[in-house]
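Quick setup: one chain, the form predicted alone, written in structure tokens, and binding and motion questions come after.
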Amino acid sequence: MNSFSALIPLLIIVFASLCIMILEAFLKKENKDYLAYISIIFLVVCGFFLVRAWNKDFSYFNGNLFLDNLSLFFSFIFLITTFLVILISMKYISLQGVNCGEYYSLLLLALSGMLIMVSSGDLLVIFLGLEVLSISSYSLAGLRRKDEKSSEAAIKYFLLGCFASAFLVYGIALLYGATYSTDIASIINHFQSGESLGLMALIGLGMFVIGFGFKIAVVPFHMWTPDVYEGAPTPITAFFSVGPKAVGFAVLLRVLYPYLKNVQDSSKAIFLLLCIISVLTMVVGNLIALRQTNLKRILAYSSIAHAGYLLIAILAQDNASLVFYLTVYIFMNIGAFAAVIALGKKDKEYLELEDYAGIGFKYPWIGATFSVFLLSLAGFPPTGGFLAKFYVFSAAVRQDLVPLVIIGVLASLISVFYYLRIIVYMYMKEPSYEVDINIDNPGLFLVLFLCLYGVLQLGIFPGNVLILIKQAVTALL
């Protein structure tokens, strides 16, 4: 249905970002919590509209921007991600010297970029959304202006992000030159018909995949990830680990699912490329994580490895398992970063493994929730992480991708070591020095509870969410 309503969620978020920017300019206050509350109110309003738009299939701009069930579901989990990140940021930005008004404005702008990307079937519009997300992300990574690591993170993210964007634009140009369209459906139809399609179209699609490979941090395009995750403010690191990754896979799902399903002749090369990238990502991510001692770098390489598992879902053409995995991943990863943030005080974060010795008994609520998130990331039952991997690997077995599943299972076994090593430090190591933290942080503890509930709920009673996911992915058929 062609309706202006398709633009309303995006307009709400953009208006919220501009509103916060103006308020920051005119209301100079030390405490920026009021900006967080305003952001949350707008997120709730936007979420209410998304719920009301379910099954309505709104579209605008001749179908270049739409709200089908899949884009609605992804938009909703992006709202949840931003909501959780805002809650863990409220106390953090004042304690760690990032207390600037543009913080929340940039977060909402990044969210608007993700909403554009997931709600469009045109590659140029997707690219515009990606640039909105990317520019906001570069600024967020460097908000700690006096911190050399934060500045280094911002410049590395910017340079490699520009490099990835160049790949992406060139790939889109080649696809347009071969198919005379930037519309995904038209491009797939051209591939399927095989008319006047040569090497140029295949190279264009390959460069498009490589460009998004940088954004979702798969090997060998992952080089920026550990340094950016370590240098950025920790709530922003949590946002980077789930937001851009989820929207990147959402776009790849829209492009690659119909391509792999309907195009028989030229899809083998892209399929082989994705298989190689998936294997390298799982193996390299987990092996390098074994040698890390910094918690943010461990979770960075963990994020890289999980991108490899998610690629298996794309190769197996099981859309529901991919979307379910991304949903679980948001809760367990943001929960893990929230636990890392909880172990901090004014101008100090405890990020080394040695800092976590004895923490499990000294701060039992933090230790227990962090342990559950780590076990979920490793894939232990009864957490959502176990079911997510089970669905992905089961789908791959049904598609005769057994070698890929074997490598994925072995890579998961490797990951168990560095996840359990953190738990061992928390409960089985004697602290060599006192770790004193600020426990007056209700927003952060609310996030820990919500993420814990999400991980266990999706691991034990996933039925209702799976029903919504299955309704959402029918939009691709």
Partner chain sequence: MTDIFWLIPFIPAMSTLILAIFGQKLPKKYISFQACFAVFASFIISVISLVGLLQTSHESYPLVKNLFSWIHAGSFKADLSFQLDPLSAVMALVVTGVGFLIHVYSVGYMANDKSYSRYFTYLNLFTFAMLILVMSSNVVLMFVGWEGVGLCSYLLIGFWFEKHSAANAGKKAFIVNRIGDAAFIIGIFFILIYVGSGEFTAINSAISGGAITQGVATLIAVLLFVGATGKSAQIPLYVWLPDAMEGPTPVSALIHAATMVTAGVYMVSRMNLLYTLSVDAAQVVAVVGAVTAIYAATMALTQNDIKRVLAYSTISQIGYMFIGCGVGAYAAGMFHLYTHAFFKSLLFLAAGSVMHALSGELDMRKMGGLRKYLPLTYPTFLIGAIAISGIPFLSGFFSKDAILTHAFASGQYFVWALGILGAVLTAFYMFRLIFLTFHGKERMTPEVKKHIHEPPPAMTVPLVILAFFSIVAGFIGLPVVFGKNLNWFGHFLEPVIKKSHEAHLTLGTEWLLIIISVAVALIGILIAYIFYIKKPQIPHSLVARFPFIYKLLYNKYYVDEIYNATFVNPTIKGSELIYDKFDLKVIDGAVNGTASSASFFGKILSYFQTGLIKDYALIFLLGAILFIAYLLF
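Being a predicted model, the structure only gives us computed values, none of them experimental. Positions refer to the first chain, counted from 1.
FYI, the form predicted in complex with its partner chain isn't displayed, but the following is about it.
- Screening 345, 362, 156, 149 for any heavy atom within 4.5 Å of its partner chain in the model of the complex leaves a single hit, 156.
- Listed residues 340, 246, 93, 209 were compared with its partner chain in the model of the complex; 209 is the one with a heavy atom within 4.5 Å.
- Remark: residue 226 counts among the residues lining its partner chain in the model of the complex, judged by a heavy atom distance of 4.5 Å or less.
- For residue 220, a non-hydrogen atom is located within 4.5 Å of its partner chain in the model of the complex, even though that partner is not displayed.
- Within 4.5 Å of some heavy atom of its partner chain in the model of the complex lies at least one heavy atom of residue 163.
- Residue contact check for residue 167: one or more of its heavy atoms lie within 4.5 Å of its partner chain in the model of the complex.
- Heavy atoms within 4.5 Å of its partner chain in the model of the complex are found in one stretch of 183 to 191, 321 to 329, 398 to 406, 284 to 292, which is 284 to 292.
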